[in-house]
Every structure is written in C-alpha cells, then in structure tokens.
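Read the single chain below, which is given as structure tokens and is the form predicted on its own.
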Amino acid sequence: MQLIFYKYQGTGNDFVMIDNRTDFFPKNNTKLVEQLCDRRFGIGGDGLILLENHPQYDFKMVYYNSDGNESSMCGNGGRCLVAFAKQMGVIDNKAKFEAVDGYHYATIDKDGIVALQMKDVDTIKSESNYTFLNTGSPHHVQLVDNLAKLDIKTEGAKIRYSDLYGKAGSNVNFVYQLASDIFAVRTYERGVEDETLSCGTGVTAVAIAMHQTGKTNNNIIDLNVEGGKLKVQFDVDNGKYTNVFLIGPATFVFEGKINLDF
C-alpha cells in the first residue's frame, strides 16, 4: 500500500501527519508507527499523529510517540495538527478538537502561529529541588545552573526511570531563568527516550511551575527551547491555572508517499 504523509514541525518538535478520516490506518500496529518515525529506516519524527473525524468537534487527534505507542497529550503536536487540519480544509482559523486528555480549542493566524488551549491545572507538587505537574502529560520541572552543558539524555533518563515516578515515568524539564519572564528549557521526553528540540506540554509545565514557585509574577511567559521560541499565558485564581494557552509556530515541511506492507 502507498501511504500519503505530511511532515510538520513546531519549534523543531517534528511529526508525521496522516489524514485518517477514512479510518484506514492500522492503529494497533505499534511496529509500523515505530518504523514510520524512524529517522534512518522510515520518514522520521518525534511522533506520529492521525487526523480523524469526530461526531461533535472539528476533528480528533490520535497521537503516538516514536516508540510506536499511543501516548498522553502532545502540545506541539496539537498545534501542528491544527495547521494540518487547516491545510486539509477541515478548519479555517479556529478549531475545536478532542485529544487523549479531552477537549481543546485553538486558533491559527495568517502567519501560522497557533494558540492552543491546554488543560486546566490545579494539582502541583512542589519540592525543594523540583516541581511535578500534569499539563496533559506528566512533567518534572527542575532549575539548573549548567543548562547549556547538561547531558540531557543521561540526566533526564535517571529521573524518568527513578523510583520517584515508577513504571509510568515522567517527562523531565531542565530550566534556567534568563529574565523575570523568560526561561530557557531543555526536555527529555519519555516515549522518545531522548532530548527533543521542543516540548509543548513541557514548556507549559515550566511556565506554570515557575509562577507557582514564585520565580515569576507574570502570567505571560516566554520559553526559549532548542528549536525556537514559545509563549505560554494563563489566568490563575487560588492556585488553579485556567485559560492556559501554548503559543508558537506550526510549520509544514514536506509531503510524500511511502510504500508499506501491512
């Protein structure tokens, strides 16, 4: 079978996009997804995303990590899927869709900047040297002094596989504060099991964690990732973070065809 695919990236977090509105894709074929995401033997990507029909909203998002397994919410993936849905003519400049963590609303402007509403956050665990919260995916947030020289894969894996988070593990974000409302972030992603150039739910977690722990008083925060710049804004009342938006570019890279046997 010949599969038509589309490649998108959001600040260097890259995804294989497939229009599955006819429900042809073998969704339980873990090895196939892993193969498609392989950078040497497949198309290459941090993840694979299916665009599907939804009975109530504009579309449904089905997200797989590059290990082939369906996973928790991917913020940059969600932003890229909004841009893909626009390219496919499913939406114009606004979207309502369902993902694994529930309903999402998003807008996309003429320059391809997508503002994606993330889930509300009201449970945050703050310890002396780290913060843990779930922004659609679980995230460990830790301030460091040597961010540029840190071995993210090694240090991130230590925390991801530690007894702290058990079998499920956690994504791990290392953070350095650049200014009152600007933070540099590098992320180790579970399921990719390596550093990625950007993580949307990760920078969302960092923004909220830095506000909750008093590192910033701003509710609009700039995040510098290895693949570019993102922005997170939110409202907060009595420790509950609502109207959380992840904002940044979502860019079409190329489209192609690949022959598959499944």
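Bear in mind that the values here come from a model prediction, so they are computed numbers and not experimental data. Residues carry their position along the shown sequence, with the first being 1.
Although it is not shown, the form predicted together with a small molecule is what the next lines describe.
K.L.:
Within a 4.5 Å heavy atom cut-off, is Ser71 in contact with the small molecule in the predicted bound form?
P.N.:
Yes, contact at 4.5 Å.
K.L.:
Would Ser137 sit within 4.5 Å of the small molecule in the predicted bound form, counting heavy atoms only?
P.N.:
Contact check for Ser137: yes, within 4.5 Å of the small molecule in the predicted bound form.
K.L.:
According to a 4.5 angstroms non-hydrogen atom cut-off, is Arg186 in contact with the small molecule in the predicted bound form?
P.N.:
No, Arg186 is distant from the partner.
K.L.:
Residue-level question: is Tyr63 within 4.5 Å of the small molecule in the predicted bound form, judged on heavy atoms?
P.N.:
So Tyr63 counts as contacting the small molecule.
K.L.:
Of these, 100 to 108, 187 to 195, 145 to 153, 174 to 182, which stretch puts a heavy atom within 4.5 angstroms of the small molecule in the predicted bound form?
P.N.:
Heavy atoms within 4.5 Å of the small molecule in the predicted bound form occur in 187 to 195.
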